[in-house]
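A single chain comes next, written as structure tokens; it is the form predicted on its own.
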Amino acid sequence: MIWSKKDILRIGAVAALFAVLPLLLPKIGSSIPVGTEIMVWGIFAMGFNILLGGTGILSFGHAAFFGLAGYATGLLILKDRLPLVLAIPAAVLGAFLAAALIGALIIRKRGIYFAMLTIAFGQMFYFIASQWNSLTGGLDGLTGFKRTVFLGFDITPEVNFYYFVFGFFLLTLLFVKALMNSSIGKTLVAIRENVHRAEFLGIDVKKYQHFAFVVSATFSGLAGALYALLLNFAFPELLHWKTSGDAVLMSVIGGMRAFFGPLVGAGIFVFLRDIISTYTPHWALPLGAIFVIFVLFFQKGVLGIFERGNGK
């Protein structure tokens, strides 16, 4: 793996921006939890894009791992009284194991068949969460757990939790960049560009696709665990296919072929939702229209527009 000076500078700039963001958000009429949510969705979208942008495979089932880890975090704190230092890794491990099993079952399917199977598994988890009242709280959701301390650091205050999530966010940036710069990442891109040629060259395509599916789902689980702690609440919609659709929306708006594209898309998504929802509860309609515009006219996303403007 070779890190270019441009990689280091760009990641450093993004890290610096998010390090001072809590000071900037109140000045533009926003709040610290909005910044925290951008990072959480950024983790979800960047992890998801390992699969979509890396291998070209579309999944509408990653919300299953997002919600599974969210519920697991709440239940491990509430029922088993586990400290956060154990509850978060255990929840993410649960998402990893679920993805490894589900991925092994469906990875041999391609295109629309794969996408439909991911929806089916995701909706199965959604149905279980919405109906198992004694465990998950049913449609009312899981309440009663709260974030407290992590290795002696009190993450109850909003600003403290922001920097707690910032640590995971920075690690995600570094890991995903290292992965995509590695030989594995280059192989994933080769599969995305021409799966038949990759097979002809002797690449075990299904193994790499399964790897991408599991890794991306694990980051979805991490994001779900952090999101449940942000809200101190887990609810069935975390598992719904529309949540997976939000990740697709972020990747497409930001630019799924660009490393920072999903993060840019997550920032745009959260800010627009925050602004539009103050005027109407039907915020999804204008966001859907924006998605359609980008799919039709700006297929490389926001970052693709800037590259085109720079003559690249």
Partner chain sequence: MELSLLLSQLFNGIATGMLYVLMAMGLTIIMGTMGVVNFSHGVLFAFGAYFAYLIAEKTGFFGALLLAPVVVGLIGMVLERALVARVYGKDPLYGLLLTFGLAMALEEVIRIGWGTAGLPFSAPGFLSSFIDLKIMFYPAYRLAVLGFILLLIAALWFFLERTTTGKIVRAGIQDSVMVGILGVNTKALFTGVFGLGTFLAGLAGVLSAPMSGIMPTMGDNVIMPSFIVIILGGVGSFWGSVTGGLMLGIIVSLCIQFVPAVAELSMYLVMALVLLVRPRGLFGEEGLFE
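For clarity, every value in this text was computed on a predicted model and none was experimentally measured. Residue numbers count along the first chain shown, from 1.
The same protein also has a form predicted in complex with its partner chain, omitted here; what follows describes it.
Only one of 105, 201, 171, 151 lies close to its partner chain in the predicted complex, with a heavy atom inside 4.5 Å, and it is 105. Shown without its partner, this chain lists 258, 252, 268, 32 as candidates; in the predicted complex, only 252 has a non-hydrogen atom within 4.5 angstroms of its partner chain.
None of 90-98, 73-81, 112-120, 151-159 except one has non-hydrogen atoms within 4.5 angstroms of its partner chain in the predicted complex; the exception is 112-120. Not displayed here, its partner chain is kept clear of residue 179 by more than 4.5 Å at the level of heavy atoms in the predicted complex. Of the heavy atoms in residue 288, some are within 4.5 Å of its partner chain in the predicted complex. Proximity of residue 38 to its partner chain in the predicted complex falls outside the 4.5 Å heavy atom cutoff.
Within 4.5 Å of any heavy atom of its partner chain in the predicted complex lies no heavy atom of residue 210. Residues 56, 58, 60 are the ones in 47-65 with at least one heavy atom within 4.5 Å of its partner chain in the predicted complex, listed in sequence order.
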